[in-house]
Structures are given as C-alpha cells and as structure tokens.
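Given next, in structure tokens, is a single chain: the form predicted alone.
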C-alpha cells in the first residue's frame, strides 16, 4: 500500500465509531426518570444500547448474587455496591457516587402536606406510604425521619409499604394512600414540584442517601459499561441529575 493511502486508511479507522454494544443495567427505582433521559442521550451519542431494569436495590442485590446478567448497577445507596465489590461481584475501582438522593413527604392533593410536615403530627389521614425499609434506602430514610420525630410508633398502624420507591410513589399517585415518603426526583423536575403538595424532609433527620454506581463482574469486558460510567460523570448527565433535585 502506498504511504498516502496507508495514512488515509489509518485516519478512517481512527475516526470510525467503536462497535455498538448492548449493556444490561439495573437501576434503583427512584432514578427512573433521569436515567431514561440520560440513556436516550447516551445511546444517541455512542450507538450503544442500554437494557434498563428498574427496581429496589435490595432485590437487585439478591438477583445479582443469584446470577442475574446485570452488567452495571445504579443503586439507591452506597452500601450495596461496596458490598458487591467486596464479595467479588463488582469491578474494583469503578464505584462512585452518581447522586445524593433527597426524601420528600408528598401528596397528590394540593394543600394536604404543609411545608413543615406538621400534617404528620395531626394524624388526620388513614394511610401513609413508605418503601420497605429492609429493601429500599428511601424506606429506611423514611423510618429514620419518623423515629427522629417521635412518630414511628404512633403512625405504624397507618403504614402502607411498597416493595420499592417506585411502587410507593404509585400508592400516593393513585391516592390509595393520601400521602407518603417518596424520592424528590419522582415529584420534582426542572426546578419545581410537578403537582400536589410536599414537605422537603430536612437532611438532618435521615442519613445521607449516597447513591453509588458500580460496574459488575459480568460487565468487566463490555466497553459500553466503562463509557456509560464516564458519561454519568460528564456535564450533560450531571445537568439532568440536578434538574430532578438530586445533590452531587
């Protein structure tokens, strides 16, 4: 091959996009809306295809331990990814905090929840929804909040527990429960509450909800996994994450 032709061929090779790959991603339910938006932009930019599964972090842990084919985990806490990494189910050095979640007491009904959460002390409601504290970090945060307020025992008979924060949101959105503790990201977008009434729970009432991502062992050799992790730490993804009320 002539030198000029060789240079041209090399340039074409270097400018060609990497082969598109498919990636199986387990995503905490609270991160559903931002992840869908991020995934669409990532797929458009890279050509990779993301297969997203949404659910509770606790259930994902059990599924991963039982051989589920997930390659990346976006958890609702930092403990689960750290545990998976220690147990050899994750790729060492790939774990990072992609968002800091915030808890909110929310009702679809305007005016039901006041901006100081005093409605909790009135007890003037039949049911209050929260995620299972044993499976969902947002459920644990809700219980910590009620305990700090001295209301956990008094309200326990009114609890309606969702398997994850997505199901918990549905209880309140369908008004099967008039109010409940959900992730701020589920009821907040573009800098405002989407509907209803809410109390932003002070972060002093619950432990920080640090949400970590991790490349799992099954995704070690998938180039799309590393690219997705880099993308999540870029400005475009961070802007989406902030727009749903998360801290960074």
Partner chain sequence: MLDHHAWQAVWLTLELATLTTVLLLLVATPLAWWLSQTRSRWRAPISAVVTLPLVLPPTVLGFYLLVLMGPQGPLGQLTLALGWGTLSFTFTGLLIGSIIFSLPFAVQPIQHAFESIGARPLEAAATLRASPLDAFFSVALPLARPGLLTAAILSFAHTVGEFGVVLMIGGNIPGKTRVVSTQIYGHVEAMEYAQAHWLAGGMVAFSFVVLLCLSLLKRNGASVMR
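Residue numbers count along the first chain shown, from 1. All values derive from a computational prediction rather than experimental measurement.
Although it is not shown, the form predicted together with its partner chain is what the next lines describe.
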Heavy atom of each of 160, 163 and 167 within 4.5 Å of its partner chain in the model of the complex
yes
I need to confirm a contact call. Of 59, 220, 49, 37, which residue comes within 4.5 Å of its partner chain in the model of the complex, counting heavy atoms only?
59
Which residue, 135, 104, 120, 143, is the contact with its partner chain in the model of the complex, using a 4.5 Å heavy atom cutoff?
135
Partner absent here, but in the model of the complex, which of 28-36, 182-190, 50-58, 197-205 has residues with a heavy atom within 4.5 Å of its partner chain?
50-58
Distance check, residue 175 to its partner chain in the model of the complex, heavy atom within 4.5 Å
yes
So in the model of the complex, is its partner chain close enough to residue 94 to count as touching (4.5 Å, heavy atoms)?
no
So in the model of the complex, does residue 171 come within 4.5 Å of its partner chain, heavy atom to heavy atom?
yes
